Every structure is written in C-alpha cells, then in structure tokens.
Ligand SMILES: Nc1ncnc2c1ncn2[C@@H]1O[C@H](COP(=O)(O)OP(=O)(O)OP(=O)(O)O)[C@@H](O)[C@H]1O
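The chain below stands alone and is given as structure tokens, in the form predicted on its own.
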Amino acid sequence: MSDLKIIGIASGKGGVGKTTISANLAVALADAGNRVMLFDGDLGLANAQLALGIKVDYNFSHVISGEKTLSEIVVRGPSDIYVVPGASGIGKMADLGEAELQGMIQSFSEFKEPLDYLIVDAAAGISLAVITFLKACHQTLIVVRDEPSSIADAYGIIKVLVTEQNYTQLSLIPNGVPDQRSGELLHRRLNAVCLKFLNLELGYTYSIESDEMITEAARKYLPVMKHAPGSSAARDFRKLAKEVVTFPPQQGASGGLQFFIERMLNTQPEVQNG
C-alpha cells in the first residue's frame, strides 16, 4: 500500500468553485485507479454531497456529538470515492473549540480502509477549524479566480498560513480562466507578491478553464467528470489529477488516516492575539 497523500483545497472567499474542484479532482483521481476519500471540511455550510449528487442521512455533526462513528456516516460517491459529509446549517459547527476538534480528529482512527488520497474540502475563510485542517495536509491548493476580491482573499489565507503557521506547501489552481496562459499569468502575478512580501515560491498545478458544462453539471447535481466526461472541463480535471499525482511524498507521511489525526493533534494553530 502506498502512503496516503493528504491534499487540502482552500480559498480565501466563497463562490470561487472550490467544492466543484474538490469533487471533480476526487473523481478524476479515482478514475485513474486511486483509492480516494473526500472530506467535506466545511462544518457550517457543507455542499460537497450536493456537487456529487449524494443524499445522506447523517453527517459529521453526528460524529462530533457521539451519535455515530466516522465509518457509520461515510458514503460512497461517483467512481466509488468515499465521502465524509459535512454538517450543513449547524452554526456552531463552523467554530469548533479545541476539545471538539480533538474528538473529531480521534474519530478518523476508526476508519480502516486503505486510501491513496484524502481530499480535504476546507471552508472558505481563515477560522480555527480551517487552519487546523490545512496545517495537517501535505499540500494545500488555493483556488482563485481572476477577480480583485478573490486574489486579495487568496493572498490573505496564504499570508496567514505562511507567517502565522509556518506552512509553505502551497500551490495555486486558477479557476474559470479563458485559457491556460491566462491561468499561468494569474499565478505569475500572485507569485510575485508572495515572493516579495512572504519570501514564498507559490507552486502552480493546473488551471481549470471556463466551461458551461460545469454549470450544467451542477444543476443536475453531478460532477462534470461524470456529466460530460468529454468536455474541456473534464479534460482539465484529469490533467490536474495527473499534476497532483506528481507531488513528492512528504517526510513523515506514513500509514493512513492516522497521519492526518496525528498532524491535527500535534499542530494546533497558534491563536494570534489582538
């Protein structure tokens, strides 16, 4: 069994297509022969199950409350990916304290199925829960659109991770761009700012080009990988998956979900005062 790679998907703001990318990347990785789990880490406004067309009876709030185990709430999605549903519409879930976070983390040790990839679809913003999730990932991919507010918020979350948490395993996914060159230019602009102010070389994965099939798939509650496998968007997600597969293994990345648990327990974010 290969070591588990844990990939966080994040964005500074909502509405940039982060969950669409998380869901389709998970399916693309599974279609390439990998064993994949998608964890909907948005604990206040979960919607990964909607993007995958999955109906669930239980979600992560039932694990935190002790009503269910992780294994009892996991469902299978397209291409047989495992899906851990988030906790939609439960306000307090969005701002968990340390005790709840540790209980949630512990629940992962119950899951024994072998995995190659854990995709963590983090909530937008920079809450304690978001930073805790991302710090436990081997690599975090920041989704950004070529819009001033999206760029500013993407830089904001990068700055917090680098300066406050000393986390530098960061790469960019430009989304909704007209072509690959536009995505590369967007990365170049944001990378220049990161180099100047953060001394960070921001990685680049692949761009997702604008495609009306993504919107059409969303209306049908399907990932575009399944709704329109011949579309340009599906092509982009397959290429993105190929790039993710090339990420080098990280030191200490051994075992399965136990690594994720240990990383989250041992790297609780420092809370900045003021």
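The first residue of the sequence shown is number 1, and the count goes up from there. Just so it is clear, the structure is predicted and the values come from calculations on it, not from any experiment.
The following text describes the form predicted together with this ligand, which does not appear among the structures shown.
If you check this ligand in the model of the complex, you find no heavy atom from any of 8, 139 and 172 within 4.5 Å.
This chain appears without its partner; in the model of the complex, the one residue of 214, 29, 52, 225 with a heavy atom within 4.5 Å of this ligand is 214.
Partner proximity in the model of the complex, defined as non-hydrogen atoms within 4.5 angstroms of this ligand, places exactly one of 29-37, 205-213, 238-246, 54-62 at the interface: 205-213. With a 4.5 Å cutoff on heavy atoms, residue 261 does not count as touching this ligand in the model of the complex; it lies far away. Contact annotation: residue 124 falls within 4.5 Å of this ligand in the model of the complex, judged by heavy atom distances. Among residues of the shown chain, residue 176 is one whose heavy atoms approach this ligand to within 4.5 Å in the model of the complex. Although the partner is absent here, residue 257 is not a contact residue: none of its heavy atoms lies within 4.5 angstroms of this ligand in the model of the complex. Taking this ligand as it sits in the model of the complex, the stretch 9-25 comes within 4.5 angstroms of it through a non-hydrogen atom at 14, 15, 16, 17, 18, 19, 20.
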